[in-house]
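What follows is a single chain, given as C-alpha cells, in the form predicted on its own.
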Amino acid sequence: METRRLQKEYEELTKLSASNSGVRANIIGPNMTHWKGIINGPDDTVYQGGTFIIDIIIPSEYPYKPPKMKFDTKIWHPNISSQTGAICLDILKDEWSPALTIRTALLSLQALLCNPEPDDPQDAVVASQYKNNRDLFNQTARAWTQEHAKSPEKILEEKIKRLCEMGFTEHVVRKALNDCAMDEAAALNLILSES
C-alpha cells in the first residue's frame, strides 16, 4: 500500500469537501487503512437531504486493487443491499483502475444514487419495486432516507441527549463519545467505568 498516495488523496478530498462536492471522508484509527466516507444525498432525488456513511477498507494492494466499500447507513436502492450495505458498482470490482481514487469512487456512488441500475441489482426486491412500482419505490426510499440517513450532527445530538437524560453532564458525554468514535454503548460503558 502506498501511504504517501493515501495521505495525498485524503488531503485532496478534505480540501475539495470544502467546495461542497457532496463527498468527504475521515480516517478511522491510527493508520490509513480504514476510512468512513460521507455522501450527501443528491438534490432532486429521493435521497435528497440524507447523509450516507460508507465504510471503506483499503487493502494492502491499493491502488492496484479497489477499496472495499459498503454502506453503513441503511438505504433503499437497487444496487445496494438493504440488509448488508453491499454495493454493486463496476469500478469497485472488475473496472477498477489505479488511476481512480477514493474520491472518484465516492463520487461514483453519489452518481449511482442519481441513476440506479435495476438491471444489474444488488438487491433484487428493491430492483423489482423500482422497475414495477416506481411510486412505492420513491415513497420507501424517501422514508428510509428520513429515518436512517440523518446528518452526523443530528445523530450526535440525539446520542448526547439520551446520555444526558441518564444524569451525566454534557461535557462528560461529549468527551466519552469522542473517545469512543461516537459509539453510544461504548461511551456509556466508559462513563460508568470512570464513575
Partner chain sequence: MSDSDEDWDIENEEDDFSQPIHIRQRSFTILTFTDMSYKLQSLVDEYSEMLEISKDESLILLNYYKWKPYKLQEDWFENESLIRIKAGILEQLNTDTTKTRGKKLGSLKLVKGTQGCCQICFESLAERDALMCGHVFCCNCWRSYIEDLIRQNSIVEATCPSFGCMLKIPESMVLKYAEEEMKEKYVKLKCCNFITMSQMYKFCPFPGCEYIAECSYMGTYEITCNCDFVFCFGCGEEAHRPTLCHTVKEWNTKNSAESENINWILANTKQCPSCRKPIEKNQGCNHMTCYREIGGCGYEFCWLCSGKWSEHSSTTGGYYKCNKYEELVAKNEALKCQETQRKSDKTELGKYMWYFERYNNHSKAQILAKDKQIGHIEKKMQQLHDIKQYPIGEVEFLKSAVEQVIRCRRVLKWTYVFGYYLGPGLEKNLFEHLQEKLEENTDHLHELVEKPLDEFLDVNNTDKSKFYHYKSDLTNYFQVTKQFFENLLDGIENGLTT
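Residue numbers count along the first chain shown, from 1. None of the values given here were measured: they were computed from a predicted structure.
In what follows, reference is made to the form predicted together with its partner chain, a form of this protein that is not presented.
Student: Here the chain is shown alone; which of 161, 134, 154, 65 has a heavy atom within 4.5 Å of its partner chain in the predicted bound form?
Tutor: When its partner chain is considered in the predicted bound form, the option within 4.5 Å is 65.
Student: May I ask you to check whether residue 117 falls inside a 4.5 Å heavy atom distance of its partner chain in the predicted bound form?
Tutor: Because a heavy atom of residue 117 falls inside 4.5 Å of its partner chain in the predicted bound form, the answer is yes.
Student: Although the partner isn't part of this model, could you tell me whether residue 16 comes within 4.5 Å of its partner chain in the predicted bound form, counting any heavy atom of the residue?
Tutor: Yes, residue 16 is a contact residue.
Student: In the predicted bound form, does residue 104 come within 4.5 Å of its partner chain, counting heavy atoms only?
Tutor: Because a heavy atom of residue 104 falls inside 4.5 Å of its partner chain in the predicted bound form, the answer is yes.
Student: Please determine whether residue 86 contacts its partner chain in the predicted bound form, using a 4.5 Å cut-off between heavy atoms.
Tutor: Because no heavy atom of residue 86 falls inside 4.5 Å of its partner chain in the predicted bound form, the answer is no.
Student: Hey, with its partner chain in the predicted bound form, do 42, 147 and 150 all fall inside the 4.5 Å heavy atom range?
Tutor: No, none of the three is in contact.
Student: Within 4.5 Å of its partner chain in the predicted bound form, which residues of 89 to 104 have a heavy atom? Give them in sequence order, or say none.
Tutor: Residues within 4.5 Å: 89, 90, 91, 95, 97, 98, 99, 100, 101, 103, 104.
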